[in-house]
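Take a look at this one chain, the form predicted on its own, written out in structure tokens.
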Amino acid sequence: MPTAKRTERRLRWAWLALAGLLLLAALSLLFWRTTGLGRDRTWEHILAAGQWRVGLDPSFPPFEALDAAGQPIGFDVDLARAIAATWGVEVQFEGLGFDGLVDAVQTGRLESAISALPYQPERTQDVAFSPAYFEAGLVLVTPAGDKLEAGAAVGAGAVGSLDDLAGRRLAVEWGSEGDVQARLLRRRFPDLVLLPEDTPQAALLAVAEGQADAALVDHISALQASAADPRLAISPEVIVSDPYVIVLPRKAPELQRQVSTALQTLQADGTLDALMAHWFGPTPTE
């Protein structure tokens, strides 16, 4: 009888072990199907189709807009095409509302989104983000020729960095992020004179006409104004960063790597600088 019980227990353990192995095999198969052992099906589809599906909201020139024929044009459009050209594929653009672009990438409707999209750390569990390709944050704009390198002796009217703002006149767009930062700066420099204006363009005009020693505005406004007005120059220092990035599927590691590599290539070969010059004009900077 004891022998029969031992045999029964051995059989029971054998069945349990077999069930465990089957469960492990099922979990392994599920993991393989989910991860594809490192395969990136999004990237594979791009190469197989010869097309990269990119979403944008064509309502923010010069980054993206529609021409007279209804075709997308702009900095981001040219950037997407330049990236795709390094892969030997075409770009298929899809217009979509700005607020829906990230979700469209997350759900797989789009393979990427390039539309002056800022980095959103709260969405990193949903999508991936490329390295920054454009800095849209706050910069100082000063009269051309009056700028100094940071740390250099400051003469009358010369502003090289935030450290040179004591006793100066700083123009800002009222209610903007530049206004907020300027009010914080006035705690540091009580004699800083703030000149609030209705628009960033008005703040920049105050600098060009000598009514202000500097303006604290977003980089896009600074680029557009300095390209059109040789009296203005942009400081290289970014006061508050606001990088624009490409939104990518989170489970597309090869596509992420390829986009990062392409951006590095386009930066190194001067393509990004050429796009900046084309869409914003040559910009005087220190």
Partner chain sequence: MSRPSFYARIAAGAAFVSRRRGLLLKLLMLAALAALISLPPRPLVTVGPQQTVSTINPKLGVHTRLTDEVEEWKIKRTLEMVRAMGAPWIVEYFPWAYVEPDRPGQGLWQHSDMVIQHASAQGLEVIARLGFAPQWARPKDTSPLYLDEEHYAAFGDYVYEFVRRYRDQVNYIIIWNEPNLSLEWGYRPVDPAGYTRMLQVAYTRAKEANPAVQVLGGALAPTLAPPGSEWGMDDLHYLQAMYDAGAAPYFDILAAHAYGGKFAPDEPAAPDAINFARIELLRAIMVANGDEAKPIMITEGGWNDHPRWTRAVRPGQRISYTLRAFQKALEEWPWVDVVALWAFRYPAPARTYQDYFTFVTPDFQTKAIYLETQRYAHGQEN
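As the structure is a computational prediction, the values presented were derived from the model and not from experiment. Positions refer to the first chain, counted from 1.
As for the form predicted in complex with the partner chain, it is not shown, yet the points below apply to it.
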Residues Asp57, Trp174 and Arg183 are flagged as a possible site; in the model of the complex, is every one of them within 4.5 Å of the partner chain by some non-hydrogen atom? yes
Can you pick out, from Asp99, Asp163, Asp191, Glu209, the residue that has a heavy atom within 4.5 Å of the partner chain in the model of the complex? Asp99
Candidate from Val91, Ala144, Ala116, Leu195 lying within 4.5 Å of the partner chain in the model of the complex - any heavy atom: Ala116
Report the stretch among 77 to 85, 134 to 142, 116 to 124, 209 to 217 that approaches the partner chain in the model of the complex to within 4.5 Å, counting heavy atoms only. 116 to 124
Just to confirm, Pro72 within 4.5 Å of the partner chain in the model of the complex by heavy atoms? no
